[in-house]
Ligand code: GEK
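In structure tokens, the next block holds one chain alone, the form predicted on its own.
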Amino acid sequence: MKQTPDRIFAQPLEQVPDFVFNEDVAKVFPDMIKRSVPGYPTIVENLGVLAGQFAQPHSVLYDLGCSLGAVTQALRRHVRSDGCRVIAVDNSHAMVERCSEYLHAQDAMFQELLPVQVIEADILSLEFQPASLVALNFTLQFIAPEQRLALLSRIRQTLLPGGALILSEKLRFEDTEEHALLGELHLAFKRANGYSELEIAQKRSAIENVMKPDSLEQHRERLLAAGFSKVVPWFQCLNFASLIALP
């Protein structure tokens, strides 16, 4: 996947608009997320490995909020259960178009990959099919907080026995000192990856109204309220984490 450098917020903007997953973002998204989310490549690749432990023969695997399909590609590389197929869903037309292109290119490089269907849709109104694995990779934080429990409840109802939801999110922390420390370390991560103070400030302004992170405690309580029986954090790097929720 060719990576175009992320320069979206490199020039001063008279008014910073709310962040949108549009064509401009789709063009630079691989570079943007790698330089913005600590541990992202590790999460994505190991999500495929984890999925291989839960995927059941002849079942559906969902990548909800698939963006450019990095998780879908990991699922296709690692899942070996017979008859599985991936359904990748995103509500951004620009993301869906490029995702389809990247997955087509992957087909040319690898043999015997799982079949995949890429859908442009709102996951809040999607009719789910019975599934053994659902991935929500940095997607729930862009859903309105009051709609998150209903979505997770629907996902829980669609999961087959023995399946799993894998949920990756940016975290906020109840302890103010811990929250401030990890926030500063995240800024240091961005600076180390070449982002200027202007880019950091304008990106923060653009995203603060559209991305609402929860604490680990909130995630655990909500997942249990949605009907999951166990929540297991499997990865954390600074203020980003990934959880396995079991039905």
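Quick note: we count residues from 1 along the sequence shown, nothing fancier. It should be emphasised that the depicted structure is a prediction, and the values quoted were computed from it without experimental measurement.
Separately, the form predicted in complex with the ligand exists; it is not shown, and the next lines address it.
Out of the listed residues S100, S153, S81, T139, T139 is the one that sits within 4.5 Å of the ligand in the predicted bound form by at least one heavy atom. Though the partner is left out of this view, V71 does reach within 4.5 Å of the ligand in the predicted bound form, counting heavy atoms only.
Contact check for Q106: every heavy atom lies farther than 4.5 Å from the ligand in the predicted bound form. Using a 4.5 angstroms threshold between heavy atoms, L216 stays clear of the ligand in the predicted bound form. Among heavy atoms of C66, some come within 4.5 Å of the ligand in the predicted bound form.
For the three marked residues, F54, V118 and L167, no heavy atom of any sits within 4.5 Å of the ligand in the predicted bound form.
Screening 153 to 161, 172 to 180, 120 to 128, 73 to 81 for residues having heavy atoms within 4.5 Å of the ligand in the predicted bound form returns a single hit, 120 to 128. Contact residues in stretch 23 to 41 (any heavy atom within 4.5 Å of the ligand, taken in the predicted bound form) are F29, I33, Y40.
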